[in-house]
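Below sits a lone chain in structure tokens, taken as the form predicted on its own.
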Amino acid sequence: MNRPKVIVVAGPPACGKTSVMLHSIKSLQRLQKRVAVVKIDCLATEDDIRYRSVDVPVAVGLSEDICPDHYFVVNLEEMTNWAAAEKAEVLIIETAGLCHRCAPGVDKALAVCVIDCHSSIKIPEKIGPVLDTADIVIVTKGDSVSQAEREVFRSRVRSINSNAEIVEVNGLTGAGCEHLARLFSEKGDSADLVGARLRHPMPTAICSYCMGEMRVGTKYQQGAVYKMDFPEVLCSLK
């Protein structure tokens, strides 16, 4: 069974991941590439309807009670097997953006980070491994800021990840997606991801609240529990 090239797309919520991928898929189809999509979300999604509108096979995974990126890794082998059965040459996996600490990138897959330059000039420093392990960084909504602000934003991205290809894309018009589709076609290879390694370890998430605890207080907390360090109180309370 031929294996598809896997492209993992991650980034903060509402940064334009789905819109950009829809335009990119149309460009890949013009390049005669067979594409399949897996959408990972938390509780609900309608993005599968949008993806089906461009005539590609779509599977949806809802992580519900666990981190969507942990859910993604647990199901990665099955996702690639499904795409191979669909005879897809390219599998795009869009995973939900939450805490920004997770990095779902895999060493045998193309890692793509989508960020919105309209959200904050400081966002590149805040989203962690999902950006600094990416092969391609897609910057969206640049049309709503000045050229100078776009240059500063690119500089911030470059300071975090000096090796990634930075692509400015308009998710509404699709400007930049032809170039992005060519990068998807040229970068990376088809590969069996069984045995592949994550680019960065997932955060630890095994505590009493993970197991269903709902009571607040130190005496109810077990497992991986990190406590804050507070400044010393300089004056006594009277």
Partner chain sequence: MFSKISILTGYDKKGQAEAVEYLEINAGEIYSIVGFTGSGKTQLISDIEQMAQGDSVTGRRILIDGKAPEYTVRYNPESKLVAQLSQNMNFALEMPVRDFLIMHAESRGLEVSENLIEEIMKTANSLAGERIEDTDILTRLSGGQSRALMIADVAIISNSPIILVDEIENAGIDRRKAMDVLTRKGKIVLIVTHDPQLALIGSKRIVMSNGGIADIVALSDEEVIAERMINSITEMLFVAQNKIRSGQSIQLSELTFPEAL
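Small disclaimer: the values here were computed from a predicted structure and weren't measured. Positions refer to the first chain, counted from 1.
The form predicted together with its partner chain is left out here; the points below concern that form.
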Contacting member of Asp107, Glu165, Glu78, Glu86, with respect to its partner chain in the model of the complex [4.5 Å, heavy atom]: Glu165
Candidate from Asp48, Glu178, Asp192, Glu213 lying within 4.5 Å of its partner chain in the model of the complex - any heavy atom: Glu178
Interface stretch in the model of the complex with its partner chain - options 151-159, 127-135, 86-94, 70-78, non-hydrogen atom within 4.5 Å: 151-159
Any non-hydrogen atom of Ser185 within 4.5 angstroms of its partner chain in the model of the complex: no
Ala103 within 4.5 Å of its partner chain in the model of the complex, heavy atoms: no
is_contact(Gln29, its partner chain) in the model of the complex, heavy atom dist at most 4.5 Å: no
Partner proximity in the model of the complex: Val114 to its partner chain, non-hydrogen atom cutoff 4.5 Å: no
